[in-house]
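Given next are two forms of a protein chain, the same chain in both, each as structure tokens and marked structure 1 or structure 2.
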Structure 1
Amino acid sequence: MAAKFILAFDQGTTSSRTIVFDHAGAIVAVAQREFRQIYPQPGWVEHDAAEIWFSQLETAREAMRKAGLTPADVAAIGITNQRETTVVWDRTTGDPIHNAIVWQCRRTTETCEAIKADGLEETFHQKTGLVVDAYFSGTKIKWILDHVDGARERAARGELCYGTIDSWLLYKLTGNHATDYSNASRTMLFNIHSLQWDPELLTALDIPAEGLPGVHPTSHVFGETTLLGGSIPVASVVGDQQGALFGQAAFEAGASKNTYGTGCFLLMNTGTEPVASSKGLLTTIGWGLEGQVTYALEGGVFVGGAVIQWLRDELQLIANAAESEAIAGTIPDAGGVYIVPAFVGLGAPYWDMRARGVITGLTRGAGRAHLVRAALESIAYQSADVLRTMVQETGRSIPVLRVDGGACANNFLLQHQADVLGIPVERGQTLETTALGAAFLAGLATGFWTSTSAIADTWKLDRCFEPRWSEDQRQQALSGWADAVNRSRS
């Protein structure tokens, strides 16, 4: 009997999950394990890579038990992962030589400043599509090689492996040291035009090529694992945000999605040619299918859902995130109040690390509901800044925005997003699009799904939010937002 299910490993920043999907793209079972966040000093963030591995393996076993599956029932495993988080491990023992350095960690800021001082910023940008920033993996590898005794010499002898979390999981599952185009494109070491690790960039960061993984298409049989009781192919690896774009069936150039999580990540499919950004967006690889690479533009909002956590935990204006929708709906508008939640600076399209959070437009009549509403609205305004920049830089109109992530349960937020953008916002029935994208890609590699059109047929609409504002209303609201942003930056 043919296998009927796909396992998606969804390795995130705070938890590891495994989701079982059936042929209709429906969720059959979910298992989740949280793991420790390690903060050695302010601005530094680490994970225990061994803990990540064990948590991921345990969730896989639990999800299979919940669904009543044997390995024969599973057609393939797909992996999606927190991007940029970096692990260096011993090639022989498989033991990490240091904690994983997490994408949020800012310890390599000085290294990035040195790259800029050496006049190499544009070289990195042209080759990788990225800005030079501590966010990306390359400087994290350099830091570990520089700070662990003997690591640099061992790396030169080929005794170490380094890579992102997907590479680490693949190695533990299959023994193979590999990654895919989407994750490689987030390292600041990979030439997205030649699809190779770039010797000039490796030299600039003093990183021996011997420790880097082989790079393959995103939908590809990377190896087989027997750790779940029988042989199962591992048939996709994809960075989490690119996985969400694929999971939204955004297969045509111009198709776009926004994931509303702690931050917000907007991606637009730009087709088979990379679009260079002059306004702070990232050019990245969306995915590689055998024989073809699809590129994307990406803009990140640092503080999305985190502003609602701030209302709850620091200001104690709400008891839980769900309450924010009802409170925002008790008033007709925010009364001219804007919140710019630049708690850690502003991301795309500003990339202003010195910006700080501000609240503008306060009057004696402003109260709890106005602040809650303005906080929710800030998520939509920040996302609109990124989307408008994408339209400007590609010359493509965006007919509709598909959305996912935890905050998508908030109908007020999605309606405001549609009003601000002036286009429909579509929420699908499956919000777990990151894992679904990994499942789709693994299914394509193994024949579980025969084509992207067959995958697109599984996408089902939950609700479409149509814009309600006039153009005058939209421009007035956006003008107030732009003024607030300028104040946060000055």
Structure 2
Amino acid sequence: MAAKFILAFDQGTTSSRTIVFDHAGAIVAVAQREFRQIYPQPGWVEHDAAEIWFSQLETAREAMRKAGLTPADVAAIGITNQRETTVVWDRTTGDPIHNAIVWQCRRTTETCEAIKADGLEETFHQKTGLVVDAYFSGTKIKWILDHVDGARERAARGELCYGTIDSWLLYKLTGNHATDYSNASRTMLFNIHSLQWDPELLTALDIPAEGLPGVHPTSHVFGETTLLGGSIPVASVVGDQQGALFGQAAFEAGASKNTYGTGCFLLMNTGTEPVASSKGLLTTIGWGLEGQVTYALEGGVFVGGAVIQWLRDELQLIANAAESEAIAGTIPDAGGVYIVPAFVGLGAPYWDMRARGVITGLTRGAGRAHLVRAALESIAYQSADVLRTMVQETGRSIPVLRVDGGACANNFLLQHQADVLGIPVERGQTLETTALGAAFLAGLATGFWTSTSAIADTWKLDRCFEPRWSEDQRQQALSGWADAVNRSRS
């Protein structure tokens, strides 16, 4: 009997999960384990890489048990992972030489300042598509090599492996040291044009090339694992946001998705050519598939769903996030009230780290419902700012926006998003798009799915939000928002 299922390993920032998908892309079983967040000092964040590995393996076993699967039932494993988080381990023993340094960790800020002071920022930007920031893996690898006794010498002798979480899991599963284009493009060491580790960047960060993983297409048989009771191919590796773009079947240039979580992550497929941004968007590799690389533009909203947590925890205006939808619906509009939740500055296209939050347009009649509504609207306006920048920089229009993430349960938010963008917003039936993307990519590498069009057919609409505003209404709302943003700027 041919194998009927794909296992997606979804290794996230706070938990490891395994999801079993069937051929229709439907979820058959889920298992999840949380693991420790380690905060050695303010601004520093670490994970225990061994704990990540064991939690992932346990969820795989549990998900197979729940679904009643034997290894013969599993066509392939796909991996999607928290991006940029960095592990360095001993090539022979497989033991990490330091805790994993998490993407959020700011400990390498000074290294990044030094790179800028040396005038190398533009070189990094041009080659990697990224801005120089502690977020990305390169300076994290350097930090571990600089701070663990003997690490630099061992690295030069080829005794260490370094990589992102996907590489760590792959190594544990298969014994191979590898990664894919989507993850490599987040290291600040990978040339996204030549598709190779860049010697000049490695020299700038003093990182010996010996420990780097081999880079492969995203949909590719990376090896086999026997740890689940029989031999199963590991057939995809994809960074979480790129996985979500793939899981949304965003296969054509211009196809875009927004993930509404604590922050928002917007990605637009830009086709086979990378588009450089001058407004602080990141150019990244979406995936490598069938001998070709697909590029994407990426932009973030720092405070997305977090503004709803702020309403709940700080202002105590709502009891829970879901309640915000009904409250916003009790009034016909926000009455001219805008909230700009620039709590930690503003991202693209403003990049103003000193901007701070403001509430504008308050009148005596403004009350709880106006504030709740304005907070939800702010998520849509900020996302619209990023999408508009993508349209400007690519010269492509976005026909429709596909959405996922916890806050996309909110119908009011999605309707407002459609209204301010003037395009339809589509919510699919599967909200686990990240894991689904990894499953699709693994299925394509193993013949479980035969083409992207076969995959696109499995994408099922839950609800489409059509734009309702006239162009005048849209411009008026956007100019009120622009005015509020101006007042928040430093």
Ligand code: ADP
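Here the rigid core means the biggest group of C-alpha atoms that line up within 1.5 Å when the two forms are laid on top of each other. When a residue number appears, read it as a position in the sequence of structure 1, where counting begins at 1. All figures in this text were calculated on a predicted structure; none of them were measured in a lab.
Of the two forms shown, structure 2 is the one predicted together with the ligand, while structure 1 is not. Comparing the forms between structures 1 and 2, the C-alpha position of Arg368 differs by 2 angstroms or more, with the core used for superposition. Core-superposed comparison between structures 1 and 2: the Cα of Leu120 travels less than 2 Å. For Lys172, the Cα coordinates differ by under 2 angstroms between structures 1 and 2 after the core has been superposed. Core superposition gives Gln316 a CA displacement of 2.5 Å between structures 1 and 2.
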